[in-house]
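One chain comes next, on its own, written out as structure tokens in the form predicted on its own.
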């Protein structure tokens, strides 16, 4: 489980930490007992940095696995576009990510990533107060697995992209290093999901792809039990669904098909499957995937409002089953399907300062919202509170607490 994330100099995330510190805490350290939970919901005005934060998580995962060039190419971005444009421009992005391992210890990875060379020039991974990997001024030290001696290099003797750990033999390294790399390799960002891409035929894949372009072959390679489980998850969303399967074509191309239970209904080819069904099956399929950290942008997009409650129950449930889920939304309806305590813990407001830097706070820790939550549902509080006025107060440019009735 990822416990904490801090990043500096990535687009509008100049000095950003998730989860945010408790009110009146300004130490720069994670507050006691407040770790990133199983479910997190990001809200905020357009342009506040919600999508940027999801991109930052995905970026760090690709640094860990040594696939930064692929990540940039898929988004059609230039490496110089990653850094902030505040103050003195520097090509270095600094980040720290904390992970609670399977044995309960917290491992933290801190690194300085140079966007010019596309590699980390300094890295430290700590576990129980001990450095288990350290890259500093070209020198590398790696703690060994039980029975394996520590490795020391005056200069890294291999070429690498992203993190130096991306090229290490994990079997010889301290288990904490392996857990950090594995956790980030199992981070899945679905903020680029596109029904148009999901309709494409595709060949063999172990996940659905950043935009869902590998959905059909991913579904095809699921074991029979997983396919049965996925069908059971789909039925409450689409009671008219009779069956689904994946058709194979020459050269290994695959295409999803569904059949509905209407009289004389035939198989519907993927090019004619509605957008909502494709988005829902792509999201539900993550329960059958090895990914442990899932990111969804504007989760309500393309989903019929009648199905949103079922979807939210599913996503919150995933967070209670060992996976971690982060979603963004503009919809009060999404918040209304959260229990009050879940809303207090999980709803994070992102906002920008007058200078354009992204900051965050727990939405229901604010005076404007905390009292209202005692009488109203989370979504009703969202509707009743003027978000623009709240952001102005938080960023230091307005007076507090204004409801829509007062505007």
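As the structure is a computational prediction, the values presented were derived from the model and not from experiment. Numbering follows the first chain given and starts at 1.
Beyond what is shown, the protein has a form predicted in complex with a small molecule; the following relates to that form.
Within 4.5 Å of some heavy atom of the small molecule in the model of the complex lies at least one heavy atom of residue 86. Residue contact check for residue 352: one or more of its heavy atoms lie within 4.5 Å of the small molecule in the model of the complex. For the chain shown alone, residue 47 is a contact residue for the small molecule in the model of the complex, at least one non-hydrogen atom being within 4.5 angstroms. In the model of the complex, at least one heavy atom of residue 11 sits within 4.5 Å of the small molecule. Exactly one listed residue, out of 51, 65, 369, 360, brings a non-hydrogen atom to within 4.5 Å of the small molecule in the model of the complex: 51.
Put simply, of 159, 137, 81, 76 only one has a heavy atom within 4.5 Å of the small molecule in the model of the complex, and it is 81. Only one segment in the set 39-47, 371-379, 338-346, 56-64 has residues whose heavy atoms sit within 4.5 Å of the small molecule in the model of the complex; it is 39-47.
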